[in-house]
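Below, in structure tokens: the form predicted alone, a single chain.
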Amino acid sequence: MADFVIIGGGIYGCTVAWELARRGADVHLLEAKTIASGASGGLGKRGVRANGRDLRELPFMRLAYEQWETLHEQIDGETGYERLGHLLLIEREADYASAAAHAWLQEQQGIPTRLIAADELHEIEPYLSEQVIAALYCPQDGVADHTQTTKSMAKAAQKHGAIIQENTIVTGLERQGNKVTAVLAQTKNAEIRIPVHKHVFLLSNSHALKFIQEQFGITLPVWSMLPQVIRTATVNPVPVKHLIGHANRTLAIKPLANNEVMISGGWHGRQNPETGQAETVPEQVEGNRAEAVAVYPILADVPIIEAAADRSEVLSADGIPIIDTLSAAENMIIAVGWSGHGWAIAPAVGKVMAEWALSNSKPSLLKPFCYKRFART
């Protein structure tokens, strides 16, 4: 028997495991493949970004700012975190007109933000196109190595006694009334049953949608997609100094090691109908590249050395996650639908979810993320 059984070995599963285990709880984490094999791993880095984020997530981002700088010390493992600052670029007058209001809103939520004009912007990002007229600047934003961080978090959880079992596919749940009493799973060699003393966490992202439908007949307003990531060859001089977003282009850019550049921001791959494998789509790769070149013309002749779309992500209907329990399983906490930007707030949300399970009292910070927000009242 385990006090807490966690389904999913991404950043959320590993963070909750660490937060619970370091408080002395008995934790058992089950991962269908390997740690960081899903959206919490893969090519490049992930943004630790508040700039342009949904208002409902900003309280968690404010808390996460405090955690990221020392997280590597807390877990005694590498995270690859760098505080680069984020620039949300503005090219259109219509976007500039609303920028000051967005800066004010973020400041009110404890997110240092200011609107910077063209002269200052082109001084700190000299390779930008002259078409970029301003930017919203969040100096405390940055990047982290998602694969490295997730694996470090898993090791930290294990050091505190958490059991992490990879290559173990969760197949079902046993319930008594509205409580989950055991988790059923399949390893390479055997079927296993893990009794649950307190809570189950369903944090398996793309797996969760189908699993909840099968187990409870409940539909969640989320769906899966395959986000695309591009890595360029080395660029000399390196043209990108900050984490970059854009007010109207489908674009995100990050500097990587060795003067390489990561290009992403909302372009998608597909599942090959014949092989069933995830793959990039040439038109999507070229479209993403063209957006980057429009903003950084210096990238026009830089070769792409890698493009990937092999890490499924889950989007929600309103762009923020569902973090809640269901009436059919009141001791199972679900978190799904991160919409491609759940990474930055993971340390803060994971901590709050662990505290919820330990206290049996749902924190008020999670109220905006309830499942019932989608229901008619």
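For every residue, the number given is its place in the sequence shown, counted from 1. Computed from a prediction, not measured in an experiment: that's the story for all the values here.
Keep in mind that the form predicted together with a small molecule is not shown, yet the notes after this line are about it.
Here the chain stands by itself, but in the predicted complex one stretch of 282-290, 205-213, 112-120, 299-307, 205-213, has heavy atoms within 4.5 Å of the small molecule. Relative to the small molecule in the predicted complex, residues L58, V180 and K198 are all farther than 4.5 Å at every heavy atom. Taking non-hydrogen atoms only, A344 approaches the small molecule to within 4.5 angstroms in the predicted complex. In the predicted complex, none of the heavy atoms of T147 sits within 4.5 Å of a heavy atom of the small molecule. Using a 4.5 angstroms threshold between heavy atoms, T168 counts as touching the small molecule in the predicted complex. A residue is said to contact a partner when one of its heavy atoms sits within 4.5 Å of a partner heavy atom; V229 meets this definition for the small molecule in the predicted complex.
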